[in-house]
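To begin, one chain is listed below as structure tokens, in the form predicted on its own.
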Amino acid sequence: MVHRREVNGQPIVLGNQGDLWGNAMTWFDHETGSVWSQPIGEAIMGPLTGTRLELLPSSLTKWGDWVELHPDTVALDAPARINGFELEQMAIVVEFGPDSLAFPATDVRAAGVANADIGGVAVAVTVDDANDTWSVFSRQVDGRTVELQRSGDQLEATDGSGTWTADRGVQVSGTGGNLDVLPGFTSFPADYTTFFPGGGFWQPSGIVPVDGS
């Protein structure tokens, strides 16, 4: 996940606070010493308690694929251990204001595309089988909402009005341009229930509320 590190228009410097909250990383800001929760980007202790950072759209992809599209990219090369987390263990979380949904990766993969509405925003979530990456797109095209389905490495509108690449939402046919990439992040399902007790889990058969109601 990627957050804009600004508070009231001023940049802040964040570091690893060293503790876990809700089984997830916490940060501290050098300016006030406030402690921040990484998944929700919110200060949970200190002078800035209750302040939230803006979540920005981001993508998870292979380095070779990224450099092919953005050859001038500069990246930090630092030694690190191999990530032991598998996407199959995770859920893709999409949040708009007070509303959120978690999309279990296995269910999204099986469905091809998860179409949903979150806080009045029509979204589509998809998982790339080839490299275990995922994407969240807006389903607004030319001022209307489309339903998307997976067709190989492309997404297509069920009404036949257009097709887009499944990894980046680039238009292949039709009108309306590329799909807008929306912010999202991965979380263990149990951790999602900790941070978003009022949320729900997307299932092909419908939404399952976290609180069981």
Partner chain sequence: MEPTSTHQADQYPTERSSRFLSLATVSALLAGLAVIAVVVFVPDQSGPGSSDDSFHPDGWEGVSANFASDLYDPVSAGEPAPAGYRPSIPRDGIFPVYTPEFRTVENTDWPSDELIIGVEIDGDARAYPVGFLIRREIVVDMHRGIPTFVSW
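Positions refer to the first chain, counted from 1. We call the rigid core the largest set of C-alpha positions that still match within 1.5 Å between the two forms. Values in this document were obtained by computation on a predicted structure and should not be read as measured data.
Just so it is clear, the following notes concern the form predicted together with the partner chain, a form of the same protein that is not shown.
> Given a 4.5 Å cut-off on heavy atoms, tell me which of 49 to 57, 170 to 178, 154 to 162, 141 to 149 is the interface stretch with the partner chain in the predicted bound form.
It is 49 to 57 that comes within 4.5 Å of the partner.
> Please check if residue 20 has a heavy atom lying within 4.5 Å of any heavy atom of the partner chain in the predicted bound form.
Yes, residue 20 sits close enough to the partner chain in the predicted bound form that at least one of its heavy atoms falls within 4.5 Å.
> For residue 89, is any heavy atom within 4.5 Å of the partner chain in the predicted bound form, or not?
It does not: once the partner chain is placed as it appears in the predicted bound form, residue 89 has no heavy atom within 4.5 Å of it.
> With the partner left out here, check for me: in the predicted bound form, does some heavy atom of residue 6 sit within 4.5 Å of the partner chain?
Residue-level check for residue 6: yes, a contact with the partner chain.
> Taking the shortest heavy atom distance, is residue 198 within 4.5 Å of the partner chain in the predicted bound form?
Result no; residue 198 lies far from the partner chain in the predicted bound form.
> From first to last in sequence, which residues of 30 to 47 have any non-hydrogen atom within 4.5 angstroms of the partner chain in the predicted bound form?
Contacting residues: 30, 31, 32, 33, 34, 35, 38, 44, 45, 46, 47.
> Relative to the superposed rigid core, does the CA atom of residue 70 travel 2 Å or more between this form and the one not shown?
Yes.
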